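Below are two forms of the same protein chain, given as structure tokens: structure 1, then structure 2.
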Structure 1
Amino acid sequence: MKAKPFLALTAVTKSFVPGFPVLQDVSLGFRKGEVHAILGENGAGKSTLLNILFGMHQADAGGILLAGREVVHHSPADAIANRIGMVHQHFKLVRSFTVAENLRLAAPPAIRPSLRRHADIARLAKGFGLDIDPRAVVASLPLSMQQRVEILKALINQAELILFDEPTTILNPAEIEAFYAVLRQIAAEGRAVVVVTHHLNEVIAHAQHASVIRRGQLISSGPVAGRAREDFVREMVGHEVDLSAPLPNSGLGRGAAELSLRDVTLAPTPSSSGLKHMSLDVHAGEVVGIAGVEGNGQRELFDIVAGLRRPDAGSVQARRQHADGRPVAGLVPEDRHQEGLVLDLPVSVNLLLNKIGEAPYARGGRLMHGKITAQAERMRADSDVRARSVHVTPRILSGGNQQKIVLARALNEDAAIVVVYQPTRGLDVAASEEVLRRLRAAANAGKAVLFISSNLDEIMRISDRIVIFYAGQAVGEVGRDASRAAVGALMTGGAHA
């Protein structure tokens, strides 16, 4: 007989705008001893559901039953008092504090004495398979390491139900395996685990139960065993999607080299191997994919091409350059919140942020709001940004719609080069597919696209050539018909399989 849920949502409904429910009559139960995955498109209501459980939002109707009794979470403090923890998709860290200081700040009073020494914290982190330097300042860490701090914050609170909102988005395959080993351990110890994720392979490999939400309504909820990836995709988006077919190139061949890096070197850091005598060309009409385990120089490559850092040695040349030598390029950075958007400015301004001070959008030091709105509306329609108007702010939009804004701006840049880093991070199946389709179309139209990602499946589907990074070096190049085994061997420092 199946155990009763430790926590249950009963007929929960939530709207932020009257008449447009984000969640509608959703009932779900979460059991101890299980990893329960919640699936759905961006904007389906998954994060809202977690935020209601954690007291960040309150339901308009329905409620929460905890071990059979009704509870109301007016704030996260209420949820924490009821033994619920949460790891947020967008980090809730004090960036100027060290890892140790963040963990002590998040820990309940009874736990803090055990976290006084750095050695105690390091031992605790290692026990969870999440090695990290307690003395490191959070702002200096790459996103994958910051995510470890968020995970540790939840684990040290010893919650009986832990909610994870997209926790593995920026982890490499080895880290993902280690993370789910932690979740299995947590569940085996008698806790309930809830994971919102877009990674279907993770769900099939690691979750015992899965629920699908589409447009605020519960579509299905049941055991994962016996379910196929295609079943979940169909339930999430409402139609069939082929996630394995290569995205077709134009067949016209590549043109001139739009971007050339020669013998580029950048010193390593504690979290990355830097770059070592790296040379690379990206031609018009092609997508060049950069594959590698995170921390092998991918971030440095993006920063150098974007002009955010200068190499210690070597050169970066483009057919069109800014006055300071930076390549003229459309950019999609890794973190759309910190690097890609001004969250409290209107969608219209964010869409045209790279051109907002130029004609026809400005004249005599004044913004031409009519011109801005008209062009932004065209871009919104072309990119299917689902917002009530271009005058709302990106902060209220789903992650998929936020990323559509960043991508639309990059493709609207008067540049022959587009450089993207983790462009589908945190996106659902349908939104990811749209990003890939638009980037492939840009290359087919003659742009040079540099595609940097930790998602090997996407790299192999979209790329004409794949350059593999290992220890800060380009250790190999393969064509679009290469096997995963060949790419994987190079990614881990081996030879062609």
Structure 2
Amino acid sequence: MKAKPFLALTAVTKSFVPGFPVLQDVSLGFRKGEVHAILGENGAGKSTLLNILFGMHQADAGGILLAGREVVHHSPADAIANRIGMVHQHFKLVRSFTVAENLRLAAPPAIRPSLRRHADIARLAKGFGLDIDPRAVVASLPLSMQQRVEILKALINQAELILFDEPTTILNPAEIEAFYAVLRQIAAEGRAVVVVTHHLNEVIAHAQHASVIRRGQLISSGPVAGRAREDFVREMVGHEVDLSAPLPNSGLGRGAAELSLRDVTLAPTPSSSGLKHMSLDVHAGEVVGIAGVEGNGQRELFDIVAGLRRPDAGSVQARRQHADGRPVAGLVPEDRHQEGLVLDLPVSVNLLLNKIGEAPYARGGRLMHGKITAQAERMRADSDVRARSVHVTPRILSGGNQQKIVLARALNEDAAIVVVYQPTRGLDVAASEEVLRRLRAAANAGKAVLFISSNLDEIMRISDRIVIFYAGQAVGEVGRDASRAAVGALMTGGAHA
């Protein structure tokens, strides 16, 4: 049954700093007709592997065998000539061009005439199972559609092996299903597909073959069928992690209400469900999980508690409030790069962004650099932020370390309330566990945590109470021991319990 691999890596070793190999002796084969997942934590070496395949880096030792023949990729152009395509995590599209223009730009000269008419492009795309409007300007398209343009670019270059770098981080659950349907078709037509990811569920559901890389070494490579989720997690992380065990609460019960929403209402708009008579209390010592399909009022709830928007009706009460009435709350926003951090200011400033104007970090309007650095160093050590110093910018840190900064700042706020929105998005298993563990520990130490997420597994594990959102309303509340099925039914508006 096993055909020879279309492309193989033979004992590839790569290091950027001598003595610290990013990849060590990795041998892997990719077969046509298969979706091959490469699993690993952030920093395991997955991206370096892709970059070597695509000619952006060269291996120090070992090489690439293409259909049994040794090839060297000095640049992406070499890789494309060898029928390898890549869909980067950040798309390489001309945003102000239309879909058709982007495709013509990427196409080899021989193909270009066949892309002259929009109708031809639409037909071509449809043939690959990719419905798209060739006239649309890329910037106006949702990210899932932009991704299709990238896939089409690879396909019109007649790629026989297509590499995907973390393709699903930007997609919502429905889009992820559609994405893998496309991948299956592409593979079934006789191409090899390689997906680098750390989303285990997707791999188990959609990939035929999976390879696990940890700290630059190949841990396993084989068919997915018959393998358990826990196996993969152990191989990725290096030790046992139970991803289904609830995180223990303090057992002391909850304290006073720190945050109270009463009849909060926001008018719906075409892009938002609004909020309808939302009443919610969050007490000291508890984690309240907000479950629901994205777009059912979660963003609106976060904005209201964060003070970004004011409710049309109803009240938001917090034990501590800013002068302008906003609740004092530690905030972990959804978009780490745009809302959580100022990526180009030092880590120290980011850690203290909420207090930068207050004593002892400022005196008479002057910044006290010594005090800022000292406190930032303490927070960095407490939160285990892996950065060379607090003077570097978060831009160069991994997502997990960036989120540690945001979380450290939120927990350092002089208020019991902590509001988190999608706190583990884009993080790998170990980093996600770390975030959940810290939040639960904070609640056990007396914080009131409002946990908004589209990841039901996480909500079930961390929350004391779960409030289910549907169409801008709280349609139900369940306790720690509720079943997934019960919550799931409420999430889709099925059973109004």
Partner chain sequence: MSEEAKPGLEMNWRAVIAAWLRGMARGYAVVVLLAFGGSLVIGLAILAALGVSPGQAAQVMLSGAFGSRMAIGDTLIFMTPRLMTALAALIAIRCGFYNLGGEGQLQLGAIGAVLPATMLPPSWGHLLLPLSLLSGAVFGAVWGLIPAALKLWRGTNEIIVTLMMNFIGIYLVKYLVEGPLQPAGSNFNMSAQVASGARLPLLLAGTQLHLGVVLALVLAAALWALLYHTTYGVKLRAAGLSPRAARLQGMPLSRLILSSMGISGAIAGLGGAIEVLGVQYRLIEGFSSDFGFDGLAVALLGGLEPLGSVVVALYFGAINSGTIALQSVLSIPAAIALVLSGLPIVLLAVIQGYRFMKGRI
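Please read these numbers as outputs of a predicted model, since none were measured by experiment. If you superpose the two forms and keep the largest set of C-alpha atoms that fall within 1.5 Å, you have the rigid core. Along the sequence of structure 1, residues get numbers from 1 upward.
S.K.: Which of these two chains, shown alone, is the form predicted together with the partner chain?
M.R.: If we ask which form is the one predicted together with the partner chain, the answer is structure 2.
S.K.: After the core is overlaid between structures 1 and 2, has the C-alpha of Y421 moved by 2 angstroms or more?
M.R.: No, Y421 moves less than 2 Å.
S.K.: Core-aligned, is the CA shift for V332 between structures 1 and 2 2 angstroms or more?
M.R.: V332 C-alpha, core-superposed: shift of less than 2 Å.
S.K.: Classify N444 as shifted (yes) or not shifted (no) between structures 1 and 2, where shifted means its C-alpha moves by 2 Å or more with the rigid core superposed.
M.R.: Shift at N444: below 2 Å after core fit.
S.K.: Can you read me the CA shift for A100 between structures 1 and 2, rigid core superposed, in Å?
M.R.: With the cores aligned, its C-alpha sits 11.4 Å away.
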